[in-house]
Structure formats: structure tokens, C-alpha cells
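Okay, here we've got a single chain as C-alpha cells, the form predicted on its own, with questions on binding and movement later.
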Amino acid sequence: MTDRQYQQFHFTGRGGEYFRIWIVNVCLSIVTLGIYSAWAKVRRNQYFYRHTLVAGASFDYHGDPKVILKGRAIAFLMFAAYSVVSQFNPAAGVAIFALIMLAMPWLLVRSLRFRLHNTSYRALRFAFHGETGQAYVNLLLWPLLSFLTLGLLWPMAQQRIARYTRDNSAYGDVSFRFEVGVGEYYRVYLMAILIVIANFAAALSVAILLADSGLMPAGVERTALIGAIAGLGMYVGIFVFVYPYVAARMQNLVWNNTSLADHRFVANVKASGLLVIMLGNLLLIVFTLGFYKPFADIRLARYRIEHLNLLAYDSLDQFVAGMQSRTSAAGEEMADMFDFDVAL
């Protein structure tokens, strides 16, 4: 009989430690006009990966900054060409933009291969085996259909993207599985829409009460005041209620339906907990003129990581050891891979 073991993910990063890495990364990226940003990303990823642990072992990141810089150079040249040409010839700019969109799935597949190949756990690397043809369907066609239907197909597009990226990801020679129907995605967004409607109704009611209270400033039209108060209330409500709800539900939805062989993942992120951290981070970043940013990153990472568990069957040590005996840690050839992520 197999024993199920909950292995909670832990994050041991500290704000003070990461602040030193962050401030050096920012300064050197500015001095080198962004060239150092590739090395900055490697340092950042290595810090976060190496401080993320499960079952007593940490992850690691092995990305080559020169390869990352190559991907960023490609991104810069593509969008620079679009920006310059569109200023003088809008039609040619549209053509270049269309070519960028057509190339995007191909670029993203190679970026995914790079990221997973350079991620390891217990000296065994991850991998991505997605085909480019499937990428055009899941990463381009479905988002385009979502745009053309004014977002009505976005939940379906999101489910297809998650299924494509998860089902084609592997740890060693064992593939992940992602099994969830599109209906679960629609339920999340339906609830988000209901929250928006309820929030707008509440904001509108408060606006009408204030407008009719006799406290309206002189020269301000009643309709304009109601619209301004209701709009502001709805905007704040989306940030306070909708975004944390969708972010928490999506993390739980994706991870709770992801498995690796007989091992499953369990996520239990709470929207209220996410809201407290996000709101506190925002206020402190503003009050410190941005210097709280590394501490905010650590707080958010710790909350999201430590609300994730691995439900392991049998011994995780034996599972990993079995794959290590079958799989070379060298993984795939790196010649056709690069990181297309332009963020630090």
C-alpha cells in the first residue's frame, strides 16, 4: 500500500539579502544601458530558485546570460524596427507587426525550452517538448479568436495555453499532465464579472447618495460627479476584489490539476491573503520611492510558494533516483534555444 505524503514548498529568501542583489542589478543595468539586464536576470533567478525547496532539496537555475542577451537583442530589434518604420509608413509598420505576431509562437517555444532546460531539481533538469505547429494553434490562434470575440473565448484560450505548456513539460523523462475542463475557467471569470457588477452597483449607490447629500461642490454637475465617483469606486474595487480573486483562483486551478506521474500538486492560495500582501506592497513601494520593491518580491514569492504542496506517492527520493538512472542531466542541445523574455 502506498503512503501519500504532503511535501510543502518552502521559500527561504530574505528581503535584506535580495535587496543587495536587486540594487546592484538595477545600477549595473542602467550604467550598461540594459546590457547587464541579462546577467541580472540570471542572478535573480538563481536567488529565487535556490531558495525554493521541497522535500529538503532546492531548485537551481543554469541560464547563460549571453544566450538571454541574444533573445533580448532579437526582441529589441524586432520592436525597434516596428516602431521606426511605423512612424514613416504605417502600412509597412502593420506588416512588420503581423510578421512579429507570426514569429511569436516559434520564438516562445524556444524560450520555453531554454527556461525549462536551465531549471533543475536534485541535479535533474526539466524539459519542454512542445511542437511549433501546436504552438501556433494554442499560443496564437486561440488568443486571436479571443480578441475577435471581445474576450468571450479568453477562458478557453487560457485553458488551451495552460494545457499545451503543461502537457509538453517534463521533469527528467516523465511528463507533466494537466487535466481540467474549460468550464472551470469560465466559472472563475463569471464570478469575477459578478464581483465587478456588484462592486459597480455599490459604487454607483454611494455616488448617488453623495450627490444627493447636498455636499456636492459648486459648479459640479450631478451626472459628472456620479460618474467620476462610480468609476473610481469600480476601479478600486477591481484592484481590491477582482484581481486578487482571479490570481488566487487561477494559481489554485492550474496547480490542483497538474500531476507528475503519480504525484499531484495542491495549491491553496487565498484571495484575501494575496490582497493583503499586494496592497501592503503597493503602499510601501510608493512610500519608499520604489526601494521596497525587492522586499515586496520576496513577500509575494513566499506567500505563493508556501501555499503550494506536492502530494507524493511512495518515496520521492526513489522516484527521482529512478529518473536519474535513466536520464542524462545534459538534456537537449542548446543550439536552437534562447530566452525571449524581455523582463528583468
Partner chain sequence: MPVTAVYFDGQQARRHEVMLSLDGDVLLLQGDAVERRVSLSALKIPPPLGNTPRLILFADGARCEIADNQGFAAMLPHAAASWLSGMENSWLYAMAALLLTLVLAAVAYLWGLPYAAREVADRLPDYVLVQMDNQFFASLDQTLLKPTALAPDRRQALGERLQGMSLPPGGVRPNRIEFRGSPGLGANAFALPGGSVVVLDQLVDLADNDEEVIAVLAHEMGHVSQRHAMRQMLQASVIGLAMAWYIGDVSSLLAAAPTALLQTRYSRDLERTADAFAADMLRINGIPVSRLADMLRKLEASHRPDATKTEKAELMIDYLSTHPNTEERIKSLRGR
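Quick caveat: nothing in here was measured; it's all calculated off a predicted structure. By rigid core we mean the largest C-alpha set that fits within 1.5 Å across both forms. Positions refer to the first chain, counted from 1.
Another form, the form predicted in complex with the partner chain, is not on view; read the next lines as being about it.
Select from the listed residues Gln134, Ser175, Thr149, Ser83 the one whose heavy atoms reach within 4.5 Å of the partner chain in the predicted complex. Answer to the contact question: Ser83.
Taking Asp167, Val266 and Glu306 as the candidate spot, are all three within 4.5 angstroms of the partner chain in the predicted complex by heavy atoms? No, the whole trio is out of contact, none within 4.5 Å by any heavy atom.
Any chance Phe9 has a heavy atom within 4.5 Å of the partner chain in the predicted complex? No, Phe9 stays farther than 4.5 Å from the partner chain in the predicted complex.
Spell out, yes or no, whether the shortest heavy atom distance between Tyr313 and the partner chain in the predicted complex is within 4.5 Å. Outside the cut-off, so no.
Going by a heavy atom distance of 4.5 Å, is Arg249 a contact of the partner chain in the predicted complex? Arg249: no, not in contact with the partner chain in the predicted complex.
Distance check, Leu124 to the partner chain in the predicted complex, heavy atom within 4.5 Å: Because a heavy atom of Leu124 falls inside 4.5 Å of the partner chain in the predicted complex, the answer is yes.
Could you pull out the residues of 17-44 that have any heavy atom within 4.5 Å of the partner chain in the predicted complex? Result: Glu17, Phe19, Arg20, Ile21, Trp22, Ile23, Val24, Asn25, Val26, Cys27, Leu28, Ile30, Val31, Tyr36, Arg43.
Would Met78 count as moving between the shown form and the other one, using a Cα shift of 2 angstroms or more after superposing the core as the test? Superposed on the core, Met78 moves its C-alpha 2 Å or more between the shown form and the other one.
Aligned on the rigid core, do the two forms place the Cα of Tyr36 2 Å or more apart, comparing between the shown form and the other one? Yes, shifts by 2 Å or more.
Do you see a C-alpha shift of 2 Å or more at Val94 between the shown form and the other one, with the core held fixed? Passes the 2 Å threshold, so yes.
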